[in-house]
Ligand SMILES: Cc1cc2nc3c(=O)[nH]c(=O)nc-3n(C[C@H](O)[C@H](O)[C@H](O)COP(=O)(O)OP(=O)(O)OC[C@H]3O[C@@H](n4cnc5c(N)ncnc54)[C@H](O)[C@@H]3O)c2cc1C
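Read the single chain below, which is given as structure tokens and is the form predicted on its own.
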Amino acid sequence: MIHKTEDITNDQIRTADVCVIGSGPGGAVVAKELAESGLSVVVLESGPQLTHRISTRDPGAFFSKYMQQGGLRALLGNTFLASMQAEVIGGTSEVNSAIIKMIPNKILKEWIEEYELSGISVEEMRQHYEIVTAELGVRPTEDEAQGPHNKLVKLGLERLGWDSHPLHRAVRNCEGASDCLTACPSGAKRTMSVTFIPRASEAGADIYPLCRARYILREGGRAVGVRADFLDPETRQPRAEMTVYAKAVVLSAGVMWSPILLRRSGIKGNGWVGKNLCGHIGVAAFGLFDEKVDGWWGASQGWGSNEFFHRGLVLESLWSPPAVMATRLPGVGHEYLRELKNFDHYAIMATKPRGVSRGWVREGLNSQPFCWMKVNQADADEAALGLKACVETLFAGGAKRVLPGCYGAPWVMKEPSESDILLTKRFPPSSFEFVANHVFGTCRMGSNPRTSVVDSWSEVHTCRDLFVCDSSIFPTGIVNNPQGSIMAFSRRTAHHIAERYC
């Protein structure tokens, strides 16, 4: 059951076969699979329970209540990279665009060879992926849910003769409200809170929202439980303590929090815990059209292209509310207000290089993650290539001018040839308005304990019965959106855990 923790004021003690920290795509899959196998499962989630009926479509109000660090998290270093993750039952599945893709075979083979991952095969991972996507009901975005902004991107790609396809998403009866970022207002998105979490609960799992893990209990070189705090729903300050004793612990707290909890628990992984932070480094272009686009109608992201996939780039349509995206408009004062009035004439296209830059995560002020990354020139060059492709697509779709969002290039481009500068001139990383919402690597998977944190079954090398199931185990970026791959790897680990403890 999903417990109502708002009124809990006394310390609690629980016992279970498995304690899962986090309820996002990794933790939800593990909880569901283990509960259905007959194991007793307790899930701890630091965020509250959210339904589309009590959500708000105001990004500022939503972010402050349901996003980690109020939606203001960033990776600092030689440039600024915004990075948003949700803090709510269902994790970031509640606020993403529901795009589901599998890790490319080529990248998985690279991992298997370079990091000597034993027992993993492309065929096995494909099976896990197909099972979870079938349960989610993943399908191509229907034409009636595309909306004008996606169709303009489609038109541009087709006129250029580039690969063009509807994005596969986990939705059912999508109404095209284009509000994926602030949780689906109609409840059509097949998030963890409406799929795997309810199924875990029906199978007997106990889910505790507003219960933040503090550290992992260890004894004799193995994990034996979790110490956590129940949080006040308004202040998010501790109000009571929760102790869960378990045969195994699964850490699915995300790329930022999983390494922090490991370090708090005395697990450093030969210095690798929290290191190797990497991610998809995204950029976007805005196209202004004569006709109304009304970007708030249609799937937030419904159309894409793999034309540059061989370069580690994907192209995707994009929409977010003006409160999130309007900072990209040119001008100040009255000039800016004039541009803002034209926001319903804009379509947006984004690209995200795989990313070869690296950084780290540590516990910072107020016990929050402090994230640092140095973006190298190679990633900046790939971002420029992807951005040029976005500009060309928008012009081909009929845009009269395009905002590339690259300092040093024309801030407003009026014809496609102006985008040539993105390839003829080298732009430093600080030139771009980067976003890094897909992050990886801080608990890297590998066979060698000296260079990785978890083994091929996601078990921590230096602590038995402790597993990590989120994208922090990915050694590198994967080009594609990560949710489907996280769920596939987590299902594989869940079956391994069930075999050991059932």
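Each residue number is its position in the shown sequence, starting from 1. Being a predicted model, the structure only gives us computed values, none of them experimental.
The same protein also has a form predicted together with the ligand, omitted here; what follows describes it.
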Does the ligand come within 4.5 Å of a heavy atom in each of Val356, Thr442 and Met445 in the model of the complex? no
Going by heavy atom distances of 4.5 angstroms or less, which of Ile197, Val88, Leu315, Ala285 would be at the interface with the ligand in the model of the complex? Val88
Within 4.5 Å, heavy atoms only, which of Leu75, Val361, Cys390, Ala98 is in contact with the ligand in the model of the complex? Ala98
Taking 4.5 angstroms as the cut-off for heavy atoms, does Asn437 touch the ligand in the model of the complex? yes
Using a 4.5 angstroms cut-off on non-hydrogen atoms, would Ser93 count as touching the ligand in the model of the complex? yes
Hey, in the model of the complex, is Gln68 touching the ligand, heavy atoms inside 4.5 Å? yes
4.5 Å heavy atom contact, Leu422 to the ligand in the model of the complex: no
Heavy atoms within 4.5 Å of the ligand in the model of the complex: which of the stretches 250-258, 326-334, 398-406, 414-422 has them? 250-258
Residues in 412-428 that come within 4.5 Å of the ligand in the model of the complex by at least one heavy atom, in order, are none
